[in-house]
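What follows is one chain in structure tokens, specifically the form predicted alone.
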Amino acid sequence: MQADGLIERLPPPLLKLIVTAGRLADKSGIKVYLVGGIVRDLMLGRPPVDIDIMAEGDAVRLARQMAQEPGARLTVHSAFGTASIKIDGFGIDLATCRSEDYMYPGALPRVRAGGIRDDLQRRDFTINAMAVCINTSNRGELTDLFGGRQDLAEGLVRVLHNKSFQDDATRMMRAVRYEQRLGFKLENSTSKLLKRSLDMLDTISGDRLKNEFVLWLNESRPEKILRRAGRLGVLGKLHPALKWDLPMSTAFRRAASGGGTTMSRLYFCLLVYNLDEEELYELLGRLNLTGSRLDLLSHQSLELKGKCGELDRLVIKRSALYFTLREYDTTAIEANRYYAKAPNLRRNLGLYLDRLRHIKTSLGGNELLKLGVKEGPKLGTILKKLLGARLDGAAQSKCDEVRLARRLAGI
């Protein structure tokens, strides 16, 4: 079967390198293929993201030959027999075709060298289990063993066999991610298999769950994935206290429109916002995130949540607002801002994030020393009072600060 014109949809630098790969493979007498996500995305007319080449032969040797092209940068992963090439901002991963089997549910697979049919049979979903030959004589020839092309046309995410989720339960998390990213639906039997196999998520290590969870948060619309995962029961298997509800949906919508620092971190803080300390501790442990940056930010978010009552005021001194919030990372403050129901609280948190945290004094420590302020705790106290005066409008210029500093220092 031919996938007419598919390869020609690649950007010119990639197309050139792919044609080169086919020519080099011809000389070595091996077959090479574009596989998986790149085939899916090209068929859908989406820009290429993950570019995988599988070789029925020595992939590393082929990669070394391809990397002779101008502008190509090669990285070899000798321990895994794989290689990566970067060119014009694109990345290509090369590996030797292989087959896999699982000793027990949740185990990492045992790997053996194989052909392209073996390699496609180990894939997760039909839409990711297609290959397009890039050898010169067979360029554009499609290998589609499981009806992936038809499922793409019908907008379905379908597993390859009934034990797919038992072999690797992280496929449940990937199923939801692909379904929502592509605007597809879980094929009916796949949906039933997923719901029957939820307990298999307990067989997966924390690191592997974390990796898939972070991929959720890095999607452009993670709230769609989380909502769907909640309805399917996948979210609850990560921790029973994780639930998608209307306030969470509102917070995610505000975050998406308002932006923030690192969005994936902000989304995590929003997701765990309604957990208590024990539930958060359990979830962080389950995802092997204890001691991580997400651990710190989510705990800060919950700690600040407990202080929000004192910030929910129509009138509040700007200096008081500033000195309450400056100990917290902006991500934790943003999470509370987007969750806040009270208009006064939301306004005050926004005031700090948008304006107050950027305000600085004109005088620094060196300038105070030159004015005659002695080193010691008093210098720090004066600096804090100068900043408070700036925030509250009591000092609006450097001259105002100098006068205030002299008065505070008694000079």
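Predicted, not measured: the structure shown is a model, and the values here were computed from it. One-based numbering along the sequence shown.
Absent from the display: the form predicted in complex with a small molecule. The rest refers to it.
Residues placing heavy atoms within 4.5 Å of the small molecule in the model of the complex fall in a single listed stretch, namely 171 to 179, out of 76 to 84, 246 to 254, 134 to 142, 171 to 179. Of the listed positions (Arg318, Lys224, Arg123, Arg149), a single one reaches within 4.5 angstroms of the small molecule by any non-hydrogen atom in the model of the complex, namely Arg123. Taking the partner from the other structure, the small molecule in the model of the complex has no heavy atom within 4.5 Å of any heavy atom of Asn274. The closest non-hydrogen atom of Asn128 lies within 4.5 Å of the small molecule in the model of the complex. In the model of the complex, the small molecule sits beyond 4.5 Å of every heavy atom of Glu56. Not displayed here, the small molecule is kept clear of Gly350 by more than 4.5 Å at the level of heavy atoms in the model of the complex.
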